[in-house]
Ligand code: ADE
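To begin, one chain is listed below as structure tokens, in the form predicted alone.
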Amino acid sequence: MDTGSDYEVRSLEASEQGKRNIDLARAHMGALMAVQERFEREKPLLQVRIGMALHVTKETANLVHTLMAGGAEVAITGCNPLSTQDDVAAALAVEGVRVWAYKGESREDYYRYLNHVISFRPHITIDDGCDLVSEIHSRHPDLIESIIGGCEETTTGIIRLKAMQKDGALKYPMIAVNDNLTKHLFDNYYGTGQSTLDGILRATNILLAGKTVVVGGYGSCGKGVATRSRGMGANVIVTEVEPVRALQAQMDGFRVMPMASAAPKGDIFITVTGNKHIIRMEHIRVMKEGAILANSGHFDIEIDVAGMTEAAESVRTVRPSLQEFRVEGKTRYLCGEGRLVNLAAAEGHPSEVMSTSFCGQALACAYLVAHRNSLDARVHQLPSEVDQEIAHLQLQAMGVAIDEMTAEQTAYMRTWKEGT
């Protein structure tokens, strides 16, 4: 491990490759680069310290550069033990960015690094999963008075934040970046859909065509995974607890049933719910020989990995990011230790998708600073105009033009008097 006063990464020798990967991502993040150019001119984050707990990837590095272009000081760590790209962390460290992250972090290091970011005394927190916010509220409440607000990237984090809000535990304003249309309709749907299958294929090299894929959850992420699985030739079963989403899945042409009914039928199981123990031992026991399990929810609790480990006669790693469990005489395969398979076994979402998500993060930080002291301590959404701006920037980056309403059309949309 290479360690300095403001960094701890696996090896600084990987920094040149990290820089090349960051450059490659930047070439596909035109919308974020437009925000970066604006930030360079306007400096909306001058003298603001931003503490980040995000996946340390080539795309995230470009968000770091955008925030710094806006005048911010930045400190970053990972938000999942297996999601850091070591070459990117090294590149950031060489640049002088405060960074503590490596792929395969122990639990001890994971929380030690979170506390390095907290010691930076951030004015704004950016989180993916709410661990940074939770740690501050639980162990460092003295910092809250100086915090302007925070931003949350993912569904799991929003669930936790709303639970904090309900309990009266949330003490500073949070922007639900995950709730931006330009985040969850694109990052969750297109990004998770593609990158989840990418991770499973890298881990297993299995043929999806003709297989039965069971998708646990039909939110935006589950919709993306189910659709992409069908596109690869799989037969898809969806499991759900919410009636409206189950009805959507049925009308989208997927089979819908409880997990107990799906367990003996599936070849590949993918959880994307943000909840706990979607796949339990009663399901694992009745699965086919050779069933493959993967999780694309934020935490490693959607599959009961601990229960499967305890019940297993043997466990061995058969290839990178793939473990073989022998449970009651049958083989089960687990991808990426049950952690985010798209990052544990692959590289996460494509850069184009993360461009719009990180536009949301950058603009949310600017919004927090512009509205400091006027937002109460609850979960907020960005104004719809910000979503429209992000979509416009992405369309420009893609070279796509759209219509504008005529004056007559604009007037018609503002009146109630014109009818039949």
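What you see is a predicted model, and the numbers here were worked out from it, not measured in a lab. In case it trips you up, residue 1 is the first one in the sequence shown, and so on.
Not on display, but discussed next: the form predicted together with ligand ADE.
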Quick check on Thr125: any heavy atom within 4.5 Å of ligand ADE in the predicted complex? no
Hey, in the predicted complex, is His349 touching ligand ADE, heavy atoms inside 4.5 Å? yes
4.5 Å heavy atom contact, Thr57 and ligand ADE in the predicted complex: yes
I'd like to know if Thr77 sits close to ligand ADE in the predicted complex, meaning any non-hydrogen atom pair within 4.5 angstroms. no
For the interface check, one of 366-374, 351-359, 385-393, 41-49 should have non-hydrogen atoms within 4.5 Å of ligand ADE in the predicted complex; which one? 351-359
Contacting member of Ala72, Val133, Leu343, Val272, with respect to ligand ADE in the predicted complex [4.5 Å, heavy atom]: Leu343
